[in-house]
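Okay, so we've got a single protein chain in two different forms coming up as structure tokens, structure 1 first and structure 2 after it.
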Structure 1
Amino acid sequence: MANVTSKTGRKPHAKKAAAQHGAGLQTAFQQVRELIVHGKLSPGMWIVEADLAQRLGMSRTPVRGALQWLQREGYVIEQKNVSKSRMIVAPLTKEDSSELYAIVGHLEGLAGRRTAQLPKEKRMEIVRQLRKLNTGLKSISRDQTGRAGDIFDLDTTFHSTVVKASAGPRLMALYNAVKPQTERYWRLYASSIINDLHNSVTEHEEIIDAIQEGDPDRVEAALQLNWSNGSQRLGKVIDLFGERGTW
């Protein structure tokens, strides 16, 4: 009865390296997210686990974990009409962008409210950083020289600075889950957003002033206005160029 193949029976599982130990899920998540954000996986496209696994050179297990993660964050959604779970890349629609921007605006508003209540010295340090970043944006908007990626990085750092200054782990995690999704819309409609950059720069100045003054209500309102206006600017562009992933 008792088989003796306890220690020595090892032939079927020969593989290459496995990198580290717990690196697979992380890499899978980042790489698939990258593929989605850069549009290699188009909005509305049907995702096949095995294909992704092969492309990333790993088995389906970590890919599945990554997909569940991406589903929770909103990058992929389930096709609901069928009983079986078919995952598709989340479409980019005007409706969704409006909702997404509103959510980010409110989360950031909450963080900004807390940032405004920090002691004065910390606020001044934040303000200094923000002014520097916004100056960079302003010069780009004046010269029209920066590439879209630079603008996105500066803008992302600007907002991230406001949030990181005061957010606890829970808000930070939520923000990090939601905010990066705006990148999809950014990349797709970037060229048209650049033209409106000066508006955003002006709105940023109001944000900075409000933080310097330490007025929570004003900070929150300014942040929400920035996102609300951004949503409207984006909406116009989407109307022009059409949505992706729905038909």
Structure 2
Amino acid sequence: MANVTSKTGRKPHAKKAAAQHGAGLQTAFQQVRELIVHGKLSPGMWIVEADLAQRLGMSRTPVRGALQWLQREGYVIEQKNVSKSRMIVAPLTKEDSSELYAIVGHLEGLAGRRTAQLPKEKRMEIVRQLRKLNTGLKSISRDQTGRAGDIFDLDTTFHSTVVKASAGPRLMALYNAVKPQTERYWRLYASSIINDLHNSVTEHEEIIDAIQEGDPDRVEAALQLNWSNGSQRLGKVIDLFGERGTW
């Protein structure tokens, strides 16, 4: 009986195996990234591939591929010495946070420009959503109540609302790749960052007003300023409590 091949010349079982490998790699990437973002793999931690594969209940092949993917996106780094190299979870540093916040600020700025150019009716709906979210943040700031997780959810939803309103697939892909890295900083330093929440609320109000007016330049500048100021606020906290994963 002749071997069955597809039009591309690949046997059906080979295509199935490739699809399964791709799905396994995607799953491994998402699970390892979640462990890193949530601090379950802490900054500076040495990653042992076999132990990680066992923890995830996977073979080492997709885990190895996931680590290479995570390295390209900056979640893990390769540390070399004379005799060997090893993967470690990327440390949380003032230099890294400054670069990261600048990148996210520029990506959001690009999306914000597009959002400001939407039809007025659509902009007003977005403005209503943003004002509601910012009112929640303002209440927490005023009353000094609420969990760090509540603040994170409100702030993240505020920014993603601006981006999702207008970002195309390429911009969205870049944003989704970089934005989760800011969560690592938030989770470790949140208890101190929230003391300056009122400043972020004020900066959000400028973003909202600029979208309402349909001013792309003003929206872009306001978003970049929010992230730039956020980086400075975070930097002060890092100076106080130290970098993580670098000692």
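In this text, the rigid core denotes the largest set of C-alpha atoms whose superposition between the two forms falls within 1.5 Å. All residue numbers here follow the sequence of structure 1, with the first residue given the number 1. Since the structure is predicted, the reported quantities are computational estimates derived from the model, not experimental observations.
Form assignment for the chain places structure 1 as the one matching the criterion, namely the form predicted together with another copy of the chain. Positional change of Gln212 between structures 1 and 2 stays under 2 Å at the C-alpha, relative to the superposed core. Fitting the two forms on the rigid core leaves the C-alpha of Ser200 displaced by under 2 angstroms between structures 1 and 2. Arg64 shows a C-alpha shift of 2 Å or greater between structures 1 and 2 [criterion: core-superposed Cα displacement of 2 Å]. Overlaying the rigid core between structures 1 and 2 leaves the Cα of Gln30 displaced by 3.3 angstrom.
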